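First, one chain by itself: the form predicted on its own, in structure tokens.
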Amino acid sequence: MKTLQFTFKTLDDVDSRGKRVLIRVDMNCSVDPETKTITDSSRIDAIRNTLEDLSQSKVVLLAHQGRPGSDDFISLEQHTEILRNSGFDATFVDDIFGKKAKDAIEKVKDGEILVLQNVRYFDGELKKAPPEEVAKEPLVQELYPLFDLFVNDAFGAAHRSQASLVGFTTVLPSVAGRLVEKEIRTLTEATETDQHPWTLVLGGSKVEGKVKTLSKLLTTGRVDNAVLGGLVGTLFLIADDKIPESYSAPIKGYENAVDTARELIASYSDVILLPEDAAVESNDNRIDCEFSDMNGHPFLDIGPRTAAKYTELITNSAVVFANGPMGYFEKEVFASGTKMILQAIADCKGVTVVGGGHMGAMANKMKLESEITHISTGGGATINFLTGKKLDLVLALEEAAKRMDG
């Protein structure tokens, strides 16, 4: 296979020794909703190569965790502790771009890492706009004069045009970190294969975005099977009149997505596969049942017949891309659908890519990483990449490369 020529600059193109380097990473980890402790640190492990390559620099990390209002919206103190336990000289400051943060940044020495507070504690970070516009946010304006170089290694958030991700590329020399480099190389190789059957496994809860992406992917003509579960599957079952609309309650953006789901079912009924039975929760127990026997109980996993059907299809595929769990896998009794799907992906002899924090975390927990072609740190980013859409992170780094050469 020919070596991929990047359209942006990497750490190989700059001298970072002794420089003060700001790195945007994606350390958005799975968190126990009750105890608020990190349950999987694979995204922190994934940035190791970049941090090691910058061991002669003064490194400052920017990252997010969760989003306002979510169970996993916590401080980055635990993340810093995990970095320390991994052998890095890391410290945490409970500030993003105020005086406390700036004073701490000034004191960082070569070989040290300073972790700033969760960047989404700053409201302006959630604004999505072109790089030049988000660069005006105080986050960028207050921090950029303190740095010599910006490194983007946040592949998991590569599809978001937000201040911490693309704003700095307009005002600082900017390159991709080792993880971004590896992800783009691996995904490019995997998507350029022309083998079939090509199976997409789509689950999880970020339904509105996933339905749009599914729509784009189906129009490429690449997908032979689109296997749905999680809240995405629930949406399509409601759209197909298989289960009552009352099950739409946990689906954010339901109204916006349901009409698209109906159109996709009408146009791609031969490609889209929906669950055929359910696992519901009744009196804290898992009950496997037909849709007609759900009785309004929470629908938290695909049923055993669905899991068996999906498993066979996945195992016999030439290419599998998976993003999002099949159910509420955080509760062990409702994890079996997701586990069966992941085992089938590991058993598949074709090209297999698992995208997204939750699915990747579960695959790591099941010790399947060596049996899967690639476990991506991206969820939405990976799926967007598959549609052929150029990621916002890549576009911003390409522009930065032009400026650096200019």
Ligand code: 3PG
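If you're wondering where the values come from, they're calculated on a predicted model, not measured in any experiment. In case it trips you up, residue 1 is the first one in the sequence shown, and so on.
What follows is about the form predicted together with ligand 3PG, which we do not show.
Proximity of Arg43 to ligand 3PG in the predicted complex, heavy atoms at 4.5 Å: The answer is yes: Arg43 has a heavy atom within 4.5 Å of ligand 3PG.
Contact of Gly156 with ligand 3PG in the predicted complex (heavy atom, 4.5 Å): Contact with ligand 3PG, yes.
Distance check, His64 to ligand 3PG in the predicted complex, heavy atom within 4.5 Å: Taking the distances in the predicted complex, the answer for His64 is yes, it comes within 4.5 Å of ligand 3PG.
Ligand 3PG contact in the predicted complex: Arg222, any heavy atom under 4.5 Å: So Arg222 does not count as contacting ligand 3PG.
Sole residue of Lys182, Lys242, Arg160, Arg286 within 4.5 Å of ligand 3PG in the predicted complex, by heavy atom: Of the candidates Lys182, Lys242, Arg160, Arg286, Arg160 is the one lying within 4.5 Å of ligand 3PG in the predicted complex.
Proximity to ligand 3PG in the predicted complex, single hit among Ser57, Asn28, Thr352, Thr50 (heavy atom within 4.5 Å): After the contact test, the surviving option is Asn28.
Location of ligand 3PG contact in the predicted complex, chosen stretch of 34-42, 64-72, 341-349, 368-376 [non-hydrogen atom, 4.5 Å]: Result for this chain: 64-72.
Heavy atom within 4.5 Å of ligand 3PG in the predicted complex - qualifying residues of 202-221: Heavy-atom contacts to ligand 3PG in the predicted complex: only Lys206.
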